Structure formats: structure tokens, C-alpha cells
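Presented below, as C-alpha cells, is a lone chain in the form predicted alone.
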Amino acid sequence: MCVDLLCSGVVMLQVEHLSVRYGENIALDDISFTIPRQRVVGIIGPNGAGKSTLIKAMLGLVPLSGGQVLLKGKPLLPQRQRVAYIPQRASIDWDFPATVQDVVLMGLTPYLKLSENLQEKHYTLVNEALNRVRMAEFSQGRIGELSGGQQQRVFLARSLVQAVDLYLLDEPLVGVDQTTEQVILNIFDELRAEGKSVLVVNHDLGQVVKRYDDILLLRKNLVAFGERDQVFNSENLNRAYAGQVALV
């Protein structure tokens, strides 16, 4: 049977009964949700809830113990080039001797033919992406010499040059300055307007939540998922955080 949203091409991502286990330990248990096109989704939950694991499991970076992940109705992994992933900053080696321009160019590598060399059009894409995140003036600077917020913007630019359908970001707003936060949130709005979908692992329950269309609330299982105003309430937060959060 064909689901109406899927038949109409509206659905971007389907996660069906996804589970992840490490031996006897349950990291994620029977997670299912569907995300349409043109949505920015905040993935929220306490430490250890499985937020980062969910992103990695969808990308095949950790093995599933059950379930499947579909991108536009087909298995995601064979379409991995249509997904951009930005990991947590703490997992990146910032001592790697590369310029800002080099890092953004790396985003194009999977899309180049084996015999294809970098051309002017590729550098144009890089400059456009750096302009979008307000980092063009740093293009020849070393990535390791930038501030944390600037580094985050460069990695966002690297994902933008890929022109993919789905963006997965793991805590992109942690430890960044106010300018960077605003730049990133504005890019989310632009991607939505372009027909993309964005999933953002987020630890902050403050004002930034208002910038998400939907909230996916985790505590190893799916506590709640849906439009922000329907999900982000005291009842659901108490279930996710075991009563340790008060919604003001």
C-alpha cells in the first residue's frame, strides 16, 4: 500500500522500528517517525538518550539491531551522497593542516569523477558557501586557528557545497558565539525554503527551540514526535527527563 504523503513525494525521511544495542545494553529501542520535506527538526533528550546514536545509526556509522531507514522511499545507505552530516566538534581533529578553503572543498570530493580535477566552478561553489556562512574572508586561513564558532560555520559550508536533500547535524550550536548561532539558524531557514529537511541534535531547551518546526523527544525510545507546540510541553519533558526539567 502506498502512503499518501510518500506517493505525493512529500516525505523526505522514514525511520521504521530502528533499534541499536551494544551487547545487552539498549541504546535505542523501536524508534519510528516520518519527516516531510521542508522541515527543521530538533532532536532533544537527556544525556545518554541516544540522540547522537540515532544520527549515526541512520547513516550506518553504528550497526542496527533492527529496523530500516528510507530516504524518499528508498533505503538511505545506497543514497548516502544525498545526505550531509556534521559531527560534534569534539570528534574532529582541528590540528589537521588544512585551510578553510581546503576543508570546504573536501565536501565536493565524493561528487567528483575519478578523472576529474578541481575546476573554477568548484571554487565558485566553495566561495558561495563561505559567503553564506560569513566566512569568505578566512578562506586561506588555517582551520585550526579559528574560533569554535568559526570552525562550525566552515563545516556547515562544507555541507552546503554538497547540495544534498537531507542535513544531519550533531549539536552544531554547542559552544558557539551568538553570531555563529544566528548564522546557523538562518541557514536552517534557507534550507527549509529550498525544499530540504534538517535534523539537529540539540541540548539547549531555551529560545532556539522556537526555530524548529518539529521536535523529536528521545529517552532511548521515542517519547514524542510532532509539531513543536504539540510536543514541547511539561508532560513530555517530564517523561523524557524524569521530572528534572521545568518548562517556564
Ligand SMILES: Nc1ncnc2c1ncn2[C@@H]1O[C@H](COP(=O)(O)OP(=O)(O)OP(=O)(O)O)[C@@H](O)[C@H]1O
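Predicted, not measured: the structure shown is a model, and the values here were computed from it. Just count from 1 along the sequence shown to find any residue number.
Missing here is the form predicted in complex with the named molecule; even so, the following discussion is about that form.
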| query | Counting only heavy atoms and a 4.5 Å cutoff, which of 65-73, 177-185, 51-59, 207-215 contacts the named molecule in the predicted complex? | reply | 51-59
| note | As a check of understanding, the residue in Q79, N131, Q88, S147 with any heavy atom within 4.5 Å of the named molecule in the predicted complex should be identified as Q88
| query | A27 near the named molecule in the predicted complex, any heavy atom under 4.5 Å? | reply | yes
| 4.5 Å heavy atom contact, H203 and the named molecule in the predicted complex | yes
| message | Whether P46 contacts the named molecule in the predicted complex should be assessed with a 4.5 Å heavy atom distance threshold; does it? | response | yes
| said: My question is simply whether D165 lines the interface with the named molecule in the predicted complex - judged by any non-hydrogen atom within 4.5 Å. | reply: no
| query | So which residues in 161-176, when you check the named molecule in the predicted complex, have a heavy atom no farther than 4.5 Å from it? | reply | E171
